[in-house]
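Given as structure tokens, the chain that follows is alone and in the form predicted on its own.
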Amino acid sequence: MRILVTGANGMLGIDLCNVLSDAGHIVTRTDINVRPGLETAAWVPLDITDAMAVQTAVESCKAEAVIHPAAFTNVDGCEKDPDTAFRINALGTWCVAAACAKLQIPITYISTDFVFDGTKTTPYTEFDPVNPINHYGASKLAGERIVERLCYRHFIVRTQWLNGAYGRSFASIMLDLAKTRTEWEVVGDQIGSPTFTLDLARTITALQSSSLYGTYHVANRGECSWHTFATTILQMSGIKGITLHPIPASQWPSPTRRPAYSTLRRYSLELQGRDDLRPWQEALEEFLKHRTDISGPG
């Protein structure tokens, strides 16, 4: 299948393009700019907020499907500049979805746990009501609504707490801090599922052969707090002599309200008997063994 991928130079995008290519798909990689260290890779410059440019890119590569991870994912940046958040996450998605609708091809839109308010105490399913509490979640939910209305052949894939080999993620930040510090504070009262981009990419790739369009939650199995996640990262890395202080989210210096509990249940996959996501600890172990840092924005 010929597949165009937006945000292909991002942490998820790199793994996704590699997994798609390994599965035999013909991939067109697009992004607004190249990540430093990947200058020699084949990719097509694309501003997703330019409707004509998106239409031309999709048509010129004769895409049979589009996967759309490109987004403004800086949560605090979205809170400080909601207009930019909606321009990229809503208008950009509008442009991509309109191109898919015109050509009548499927779109896969990558969304977030932040569409929920975090007031539940059990994992969120795809059928729970949404209620974002910050501009990032609201802008991504706007993207979901646009995709649903324009493209009847769509996959909306909600995920969370992404970590990957390419770029800066929570896991890589913890390892970097351990090189120069012996103690720091980590939020201990927000709960979710660490999700590794390689596993997410594999599930997105598998969905491309399905005709059961709709909304899917994709996250690694299990849940933890950021503090527990950080502690496990250091323990699995064999790093000793570090003290991590758990603090409430209210003490973290951020302008953004975040869901206190946002674990995603992979209910759509469960119902289909296709939920094969491994525990986050197993994915973390593989990440630590094969970690490859590429400098650039995370």
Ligand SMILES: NC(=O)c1ccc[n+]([C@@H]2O[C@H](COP(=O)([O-])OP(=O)(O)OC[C@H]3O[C@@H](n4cnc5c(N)ncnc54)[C@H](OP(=O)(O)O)[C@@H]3O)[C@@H](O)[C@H]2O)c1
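Each residue number is its position in the shown sequence, starting from 1. Everything quoted here is computed from the prediction, not taken from an experiment.
One more form of this protein exists, namely the form predicted in complex with this ligand; it is left out here, but the text below deals with it.
Listed residues Leu207, Ala142, Ala178, Ile88 were compared with this ligand in the predicted complex; Ile88 is the one with a heavy atom within 4.5 Å.
Remark: of stretches 97 to 105, 184 to 192, 127 to 135, 110 to 118, the one touching this ligand in the predicted complex is 110 to 118 (heavy atom within 4.5 Å).
Although the partner is absent here, Pro69 is a contact residue: one of its heavy atoms lies within 4.5 angstroms of this ligand in the predicted complex.
With a 4.5 Å cutoff on heavy atoms, Arg35 counts as touching this ligand in the predicted complex. Among heavy atoms of Leu12, some come within 4.5 Å of this ligand in the predicted complex. With a 4.5 Å cutoff on heavy atoms, Leu46 counts as touching this ligand in the predicted complex.
In the predicted complex, the residues of 155 to 173 lying within 4.5 Å of this ligand by at least one heavy atom are, in order, Thr159, Gln160, Trp161, Leu162.
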